[in-house]
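Given as structure tokens, the chain that follows is alone and in the form predicted on its own.
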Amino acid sequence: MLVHIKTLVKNAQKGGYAIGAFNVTNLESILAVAQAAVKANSPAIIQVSEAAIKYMGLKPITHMVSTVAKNVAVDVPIALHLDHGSSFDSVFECINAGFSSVHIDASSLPLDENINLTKQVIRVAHAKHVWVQGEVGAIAGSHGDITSKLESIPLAKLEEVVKFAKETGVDTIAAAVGTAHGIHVNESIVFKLLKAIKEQVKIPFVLHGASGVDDAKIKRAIKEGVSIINIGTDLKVAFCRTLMKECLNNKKETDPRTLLKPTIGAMEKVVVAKMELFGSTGKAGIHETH
């Protein structure tokens, strides 16, 4: 069932676990997340990027997620979220489309401009009871990127995170704490910074770029108070590698469904494993509909 993200996050905070926010790129990935949620009896956030919206269209993706949540994940709560919205216009469209949460990512701008744009989004979003995620410190890497090492992984400044949260009134916050989009050997979590942020900023923290971080550090981050963990690259890798294998092993196959179906199972396996790691398995029954 489709619910407001605030319900999932508040329950996660009470229960000491994290909610997985999974980036979807097509129908197969939407089905994989929903089926995994049912299998693990876990809440989940299905999130889409601007690139995914450009690929599928805003209305199709909104209706697909809503329909799958209503018919596949009947008894588990699913929330729909915009990941890394880059402009007021793109965020506004998702608010009107029925998303319960949007991410305005102005982290590449000077702090004062980031604050001003985020406040503009919040005024519109809160009027429609939509949560807003803000970001401080641009997170390195790019979605789906797999390299041995990034040249540098910048960190957010504690005082800027505190100032941003105080002046904007965002509902959730992301900050660069050592992780990166994609999978890289030199990414990690700077726990000293994460802990300092959580001590001064009481709103839910969103960990971006978690695909390349080892399980022990993820578990520690949840203990430090991380409420949402984003996973994107791991799903893309599972999809692409499975599809390439199917195509190579079945060169005469002409039915796309035959080739694509195994990708759903491959991604579902990844999502279930993440839900177990995040501690959300078995927590689907703790919810209220929006």
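Quick caveat, the model's predicted, so the values are computed rather than measured. Don't overthink the numbering: it's just position in the shown sequence, from 1.
This protein has a second form, the form predicted in complex with a small molecule, left out of what is shown; the following refers to that one.
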item: Proximity to the small molecule in the predicted complex, single hit among Gly178, Pro204, Gly182, Gly137 (heavy atom within 4.5 Å); value: Gly182
item: Non-hydrogen atom contact Ala52 with the small molecule in the predicted complex at 4.5 angstroms; value: no
item: Asn23, heavy atom within 4.5 angstroms of the small molecule in the predicted complex; value: yes
item: Close approach of Ser101 to the small molecule in the predicted complex, 4.5 Å, heavy atom; value: no
item: Contact label in the predicted complex: Ile231 to the small molecule, heavy atom within 4.5 Å; value: yes
item: Interface segment, criterion being heavy atoms within 4.5 Å of the small molecule in the predicted complex, picked from 30-38, 65-73, 259-267, 232-240; value: 232-240
